[in-house]
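Just so you know, structure 1 and structure 2 below are the same protein chain in two forms, each on its own as structure tokens.
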Structure 1
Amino acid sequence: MDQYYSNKRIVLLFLLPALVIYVGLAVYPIVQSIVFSFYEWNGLQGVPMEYVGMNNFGSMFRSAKFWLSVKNVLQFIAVNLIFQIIIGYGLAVLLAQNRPGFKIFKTIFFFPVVLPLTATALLWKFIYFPNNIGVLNQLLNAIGLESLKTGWLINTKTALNAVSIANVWTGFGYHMVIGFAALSAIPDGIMESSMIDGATGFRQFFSITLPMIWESMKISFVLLITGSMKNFDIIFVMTEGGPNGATHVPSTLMYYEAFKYDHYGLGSAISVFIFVASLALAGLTIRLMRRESVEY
């Protein structure tokens, strides 16, 4: 059997297809992306590439548009983190009480996760339409809150939060299911004995339940932060970064700089920034959330 498991030829042969595709189309381009960020060229093809050192990063860091996009993505991350965790895990706690019908609710709450973001983004665009056309504005009319009506995606003050809320709608079901799985894995005995000890409600949640599901919550935090950092689809479809850059995030800015204005060097610099920032944020989150794991 030792021979079977150490056959070099087979090792190579079986690893090769996956490695060739993965290295050629995912890893090598990252290296290229870093190289490209030191060059400037104004067209995808047939244009001479000029080495410009750190200039692309220089113009990126001097650009007000870039800093606005960083501020926007931080706000987008914060809104998604707070609402998706609270709604997702809150509903998970309610579902985990296993009352009759909870399966139907779980199905309905989760299904936006599987929908194409393009479709949900377009639907939310219709909901946010301005004046008396938009569904949300009509709803506000109906319940007597006309004063709140606005062009949700045209108004620079509301656009980013409106997009963020749409993204919360599409995503929290995922974290609800992660939380539900973690809650279901807690042995019944622990809950019962804590009740006998007199722990109820909030006390029980914070001193028993929360430590038990902490590892899952950590995964949710990392996925939410890195996922929001990379988010492109929903903003591209709903606002294209507008109005006036109010919803641009680094990934949409990268797309426009490179593929609309032919600033491929600057675009590459922004994409390197996205890569480094999402790795750094993931690392930071894991570090901040590190704690003694609970054995049971």
Structure 2
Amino acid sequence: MDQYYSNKRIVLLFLLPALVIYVGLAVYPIVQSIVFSFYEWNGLQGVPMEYVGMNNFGSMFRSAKFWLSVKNVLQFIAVNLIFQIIIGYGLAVLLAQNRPGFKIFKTIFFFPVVLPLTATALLWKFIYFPNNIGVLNQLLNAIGLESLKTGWLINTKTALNAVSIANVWTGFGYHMVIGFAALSAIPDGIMESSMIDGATGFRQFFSITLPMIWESMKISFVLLITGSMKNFDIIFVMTEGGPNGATHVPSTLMYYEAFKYDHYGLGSAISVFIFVASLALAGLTIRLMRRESVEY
């Protein structure tokens, strides 16, 4: 027993540095944001903080800009969930067949994931440039679809979807790798037995493959939802929340309120909303995606 507690203390001792870093870089800022959300403050040292209670949350919920940002982030989440899961796991299924030359495709498809997000955002911004400067408009012009040309990032009807597509490109390779790892873990004997029993193609996928990779898909869903809720970089670089706030999401709105308009308390209130909403959506996703809900 003494040896057990001695080993436990040694383990805790080795974990302590990581725990201190985690508390300092993750837990403390969250607690600080919660505290600041109850005060009115411009973020400057030496300026006193005024306690305003729930006023910042009241202002947030009464703001039309805030509700537009919530609508935008839900649309952003939906586009990324659908396309990153379909493309990522679809490619994983194809690559799991291990045909000659497929290894190079794994590297190619994963390449956007390792690129700096700011560089990726600038790349797609060049693609979406208006008139005949942007690659996309040049392509439409070359194939005779000039009528579809537009300023993709300055048109309120297309800006959010344009950014969403760019974000899909940056992330589907990550979920491809998760899916490929899950597929590789399925024993060959199970697949061979299902084929002997007559399960092939779609029948095999929905009856055998999908249930066995369901836990990995659950991880992908949670990562996508929480990642999309706090996404900032790609939207800020490509549109800065424009045009006219059409691509604002809570994270970009938080930045503007806290650091551009000096409403630090309101910005902190929005950050608290992002934190709570991420937890709630992640919990709801896990609940809805229980393994028992998959039809075998």
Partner chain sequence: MNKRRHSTKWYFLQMGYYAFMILVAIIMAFPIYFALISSVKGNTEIFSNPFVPTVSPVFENYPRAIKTGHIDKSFFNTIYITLSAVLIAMLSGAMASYILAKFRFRGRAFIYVFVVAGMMIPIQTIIIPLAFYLGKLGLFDNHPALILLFTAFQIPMTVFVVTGFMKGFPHEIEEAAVIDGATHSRTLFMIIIPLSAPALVSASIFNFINIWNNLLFPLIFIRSAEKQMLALSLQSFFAERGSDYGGVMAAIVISITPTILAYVMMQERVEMGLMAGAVKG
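Structure 1 provides the reference sequence; residues are numbered from 1 along it. These numbers were taken from a predicted model, which means no experiment stands behind them. Take the two forms, superpose them, and find the largest set of C-alpha atoms that agree within 1.5 Å; that set is the rigid core.
Q: Structure 1 or 2, which would you say is the form predicted in complex with the partner chain?
A: It is the first structure that is the form predicted in complex with the partner chain.
Q: For A26, decide whether the Cα shift between the two structures is 2 Å or greater, given a superposition on the rigid core.
A: The answer is yes; the displacement is at least 2 Å.
Q: Quick one: once the rigid core is lined up, does L16 have its C-alpha move by 2 Å or more between the two structures?
A: It does shift by 2 Å or more.
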